[in-house]
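As a starting point, one isolated chain is supplied in structure tokens, in the form predicted on its own.
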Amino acid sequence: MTLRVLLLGGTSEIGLAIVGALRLPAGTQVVLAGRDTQRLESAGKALADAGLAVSVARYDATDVASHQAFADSVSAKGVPDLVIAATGVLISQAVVAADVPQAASMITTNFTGHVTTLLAFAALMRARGSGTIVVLSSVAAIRPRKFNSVYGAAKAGLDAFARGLADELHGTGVGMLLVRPGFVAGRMTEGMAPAPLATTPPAVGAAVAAALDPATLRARRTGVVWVPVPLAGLATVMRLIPRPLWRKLER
């Protein structure tokens, strides 16, 4: 059986690190989806050199009306065995506070677009009776802070949606893996000071790959993958900090 993998956000460092860490067998069909087909093709070269059958598909996370048709088009050649939802943008709080349309764009890209796209693919996977969805959340979803309230709110919404969808899919043969990395040092965060328990795209990729069966791409277990693992303890502490003190935190 030829495996099919769809990466939403096909130029995402974390998403590509996940695909690379999976060590997929030669001939696996990988679809890189995003807005810039030239960048997608460039990102796919290393995967193609590894023996994977790479194709690109134009996908705009903000064009929510097109997502059902996109899912149907991608699945016409076979419903993906694995969908990795890695689409995302990080715009500073100062910028979105001064430019409301950019705030709306970040929310649509990081939250709304995932909902409309994953609902479409979840229905197709459920009809087949198998499949795995990987959703990239963030520790920012646990308790948004004053310097990232819009980004944190979008991630919190995505995190809640993924947990609810996982419950809805329970027993259907479709698995959900929710990934909560900490600060990820990469292109998106370039120039920013790392937060405690920072991680890297390769580390996230390795953690996700370890949670999936390499032969079938099914989740070995459903639930949450924290990267790094001690971040789960820090998140518990974050929830307990009194709000007056939380307001004073700068990072």
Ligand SMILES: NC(=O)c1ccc[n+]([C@@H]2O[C@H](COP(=O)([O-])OP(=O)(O)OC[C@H]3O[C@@H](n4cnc5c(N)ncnc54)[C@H](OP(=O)(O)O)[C@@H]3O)[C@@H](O)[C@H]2O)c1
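Residues carry their position along the shown sequence, with the first being 1. As the structure is a computational prediction, the values presented were derived from the model and not from experiment.
We do not show the form predicted together with this ligand, though everything after this point is about it.
K.L.:
This ligand isn't shown here, but in the predicted complex, which of 93-101, 142-150, 121-129, 175-183 has heavy atoms within 4.5 Å of it?
P.N.:
Within 4.5 Å of the partner lies stretch 175-183.
K.L.:
Looking at the partner-bound form in the predicted complex, is residue 213 within 4.5 Å of this ligand by any heavy atom?
P.N.:
No.
K.L.:
Looking at the partner-bound form in the predicted complex, is residue 86 within 4.5 Å of this ligand by any heavy atom?
P.N.:
So residue 86 counts as contacting this ligand.
K.L.:
Taking the shortest heavy atom distance, is residue 116 within 4.5 Å of this ligand in the predicted complex?
P.N.:
Residue 116 lies outside the contact set for this ligand.
K.L.:
Mark residue 187 yes when one of its heavy atoms lies within 4.5 Å of a heavy atom of this ligand in the predicted complex, and no otherwise.
P.N.:
Yes, residue 187 lies within 4.5 Å of this ligand in the predicted complex.
K.L.:
In the predicted complex, which residues of 40-66 put a heavy atom within 4.5 Å of this ligand?
P.N.:
The stretch 40-66, when checked against this ligand in the predicted complex, contributes 59, 60, 61, 62 at the 4.5 Å heavy-atom cut-off.
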